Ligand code: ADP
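Below sits a lone chain in structure tokens, taken as the form predicted alone.
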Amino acid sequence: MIVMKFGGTSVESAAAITRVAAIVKARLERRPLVVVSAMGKTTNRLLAAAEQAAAGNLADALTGAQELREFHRSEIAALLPEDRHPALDAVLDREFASLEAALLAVNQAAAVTPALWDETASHGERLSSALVALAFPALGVPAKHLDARQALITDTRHTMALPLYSRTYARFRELAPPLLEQGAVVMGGFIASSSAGVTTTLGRGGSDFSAAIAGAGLDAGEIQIWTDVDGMLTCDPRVLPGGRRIRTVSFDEAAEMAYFGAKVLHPATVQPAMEKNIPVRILNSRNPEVEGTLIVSRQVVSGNPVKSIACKRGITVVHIRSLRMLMAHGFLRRIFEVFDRFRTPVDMVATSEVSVSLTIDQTHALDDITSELARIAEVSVVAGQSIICLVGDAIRDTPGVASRAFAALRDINIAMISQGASRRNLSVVVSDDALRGAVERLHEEFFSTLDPEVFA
């Protein structure tokens, strides 16, 4: 069997769902479990309604919910024969009664608590999965619905829950096979529940993670991530259009690319697939004839030492300097304890005896962090920076990669450099303004000729 995950843009409308149905129908013999995200921007609209309810504007929040109901009904009704509209209304009645109860709870609490965030946000995938399962038969695809909250069991941490893998895999093996005998199985991504049955979520973008967990639990032959691009590219098309499609990459390369900005893949996705040695394929739901990008466990030998240039915008660099701490034991520990205390992850780090520079992309606690650090060191902050990451399994073992990169960037100011923490990346920090020019030069340097076995 295979797992097929479709993102929000792939199920955003009646026309999009019709395309998805045709893709699934062509693969019915492979017994697909279909994982869907919320339709279009539904999650954003749900959370906007929750914020309104928390601010005391319950009427506006309920109006927003009603508009969402009308949107879902309009798109799905267009796909169904008249005699199936009562079934559609039954799904909508159930889910929007639950949503209105969640918004009322938010209003009464005057806050979107983590538990209420999960409960409210979960309605996007609860709706899309139930409605896509309802629409598929009318489009020639026999289908059954599986509520992800019955199969995917997590700890009790809300908004970014961690799966309890052994229990989850057992539930998938129990629940999915009987349904797969009857046709495609449709499940919502992103959502789960605790052992006590309380709704949890895996974090924004977690539908990819859901698909990988389902695939690992069911020993799938392949996990397919259907999105709106032809696969993973040699550069981020939002920064520099015209990148070439990568035919095959390793799991390790894909993880680096995802973490440093390749939005077609959630960084956590590769973990369950890697552990079970299940290949992952990135495909385009608007261009299904293209073979996409295949992600495999083995190292992919290539004539190009760099497979892709990943980018992460909106980075802030924090410089920490203290002559008093020269060679002092525990200086780094004290620094990172501050970031840990304020739950702020660090991307890149560069050190000397008396100074540390590091990058962050979450600045919600930056004032508190700098105040704490100022007790032990001089602190300066530079915003508006970008990380550029050259990714490739062969980077460390190929002579001259760094010299080629720095020659290409010879007249661009580089704020930080990192190589060695990972075998497969070379990262630099430049200003946001210099990002496109830097990526363009690096792309010309490393991809002027391509290994046809690895790139399309």
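Just so you know, these numbers come straight off a predicted model, no measurement behind them. Position 1 is the first residue in the sequence shown; the rest follow in order.
Form predicted together with adenosine-5'-diphosphate: not shown, discussed below.
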query: Candidate stretches 147 to 155, 228 to 236, 103 to 111, 271 to 279 - the one whose heavy atoms come within 4.5 Å of adenosine-5'-diphosphate in the model of the complex; finding: 228 to 236
query: The single option of V186, L131, M257, A211 touching adenosine-5'-diphosphate in the model of the complex, heavy atom within 4.5 Å; finding: M257
query: Heavy atom within 4.5 Å of adenosine-5'-diphosphate in the model of the complex - the one residue of L116, V141, V300, V264 that qualifies; finding: V264
query: Non-hydrogen atom within 4.5 angstroms of adenosine-5'-diphosphate in the model of the complex for each of K5, G8 and S308; finding: yes
query: adenosine-5'-diphosphate in the model of the complex - contacting residues of 95 to 122, heavy atom within 4.5 Å; finding: none
